[in-house]
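Just one chain follows, in the form predicted on its own, and it is written as structure tokens.
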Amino acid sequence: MTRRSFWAWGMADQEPSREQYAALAHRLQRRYGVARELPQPPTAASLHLRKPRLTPHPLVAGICSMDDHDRAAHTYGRSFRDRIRAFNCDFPNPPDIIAYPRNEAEVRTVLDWCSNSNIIAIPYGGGSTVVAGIEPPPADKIVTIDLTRLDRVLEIDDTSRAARIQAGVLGPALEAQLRPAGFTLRHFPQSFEFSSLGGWIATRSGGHYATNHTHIDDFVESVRMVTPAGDWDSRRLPGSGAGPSPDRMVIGSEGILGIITEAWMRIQARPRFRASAGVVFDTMAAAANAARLIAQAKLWPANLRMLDPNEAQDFANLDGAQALLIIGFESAELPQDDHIRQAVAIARDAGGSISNDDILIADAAQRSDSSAGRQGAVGSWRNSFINAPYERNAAIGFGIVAETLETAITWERWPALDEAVRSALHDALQRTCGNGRVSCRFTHVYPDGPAPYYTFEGLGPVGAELEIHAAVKQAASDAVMAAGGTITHHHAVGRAHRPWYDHQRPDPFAAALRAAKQTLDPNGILNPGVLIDP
């Protein structure tokens, strides 16, 4: 059976081929005028991890692994920094043991063992974090608790359209279990293939919908969590005004308060009607303004993504001079013809260009995987979005420094933030690499502001990638905060964003969060260093 790669996105048999490396070397030669040797990726035989510093308690020994590959694969997430270190087999602080509980009782047993023995416990879903959310802190004894064997949809309520789902289920398996009943959660982050329901809840994941229901928050009906102080089980309700919401404390808690084991989630019928369009603009500013007008009209398109000229060229095959606004609607019950035409009319009035033949509409007579959204510039972007994590694997080892960062800002401050972040990125890339490229798209759009998502790339010396990345990330993050944006819209805080998160949150809230952790995790063993200091 093929295992997950310990350094790349995906499975071990999906690691870059020699042909992919050669193609990227050719692109680097063309773009930067630099010839680079093809990297030599690591193998499992390259792993030489330190010995585990503890042995499993007899009560949990049967569900634990101390295998080097398992420990390496659970050390890092999949950010650029993570993949560079794993590619170089740099694992100075791997977890000692990986526990794979199969049910909530075993989660409780593992957690009790860790709490009573002062062993650091790190909850783990799909391992797709890009903010060091599951990276072990400096400690003598570390157990990573992998929830992926809690992978079932336990119950479906057809009448209320909700499902009780175990937290360890990964995106594809979740959808496969809902599909026979005609339902979907319809939450598709880019990490969908290797991220879990519990991970989405713990990190306040952003998903498929670009407007209206943008975050996992909008789908949570109730949450069950195991803590060292006891079980946390909120009442299942469509809404409540009874004090601060217990669910809101769990959503975004990033594993510091307890381990999410299951949740009741709002589900919906699978879409039957779809409509999409790609509207071209001469400037990014005009495309962004069109996105604002559509969002403020409250048509609530499922997809509303602005791509700047660089992004539109890279991922939608445009000419590099024009911006693109992708608009998409979907429904299980109603045709979307009127909605797409109304949104396109707004975009045209804002300066956009599109022919009527490029508005793609799928009606109920067509299959649900029909051509709407799969053709033209929109289809090119969709395919690039899905394949992007795999394509980034081949960049490791060439000296390429490439990463993304995301934020959110109100509309009146958006132009100033964009100017500041682009300037910071270009200056840092010029200073560290002597070159660089920056692009931006909107991942989510609200009536009061967008969530811009920046991608940067530069070429530096092989071996200097981590230092360059740190300098560029620091400059961009400082610029985001100075412009009034959030340090993260949907990637979570983890350890990577802690310095800026500490400035973003109110001090009394930090004190309240510390008090909550002290109550639920009195020995401070759950994911210390994330969100707050132990």
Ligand SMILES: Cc1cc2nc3c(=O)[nH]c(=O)nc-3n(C[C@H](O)[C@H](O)[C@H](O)COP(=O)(O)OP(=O)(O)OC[C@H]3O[C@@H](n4cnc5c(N)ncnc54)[C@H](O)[C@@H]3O)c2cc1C
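So that there is no doubt, residue numbering starts at 1 and follows the sequence shown. No experiment lies behind these values; they were computed from the predicted model shown.
Although not depicted, the form predicted together with the named molecule is the subject of the following passage.
Stretch 191-199 is the answer when you ask which of 421-429, 306-314, 344-352, 191-199 has residues with heavy atoms within 4.5 Å of the named molecule in the predicted bound form. Residue-level contacts in the predicted bound form: of L147, A287, A263, V110, one residue has a heavy atom within 4.5 Å of the named molecule, and it is L147.
Note on contacts: among G278, G458, P123, P452, the single residue with a heavy atom within 4.5 Å of the named molecule in the predicted bound form is P123.
Shown alone here, R78 lies within 4.5 Å of the named molecule in the predicted bound form, counting heavy atoms only. In the predicted bound form, the named molecule sits within 4.5 Å of a heavy atom of H490.
Under a 4.5 angstroms non-hydrogen atom cutoff, the named molecule in the predicted bound form lacks A86 among its neighbouring residues.
The closest heavy atom approach of P95 to the named molecule in the predicted bound form falls outside 4.5 Å.
Residues of 255-270 lying near the named molecule in the predicted bound form, listed in sequence order, are G255, G258, I259, I260, the criterion being any heavy atom within 4.5 Å.
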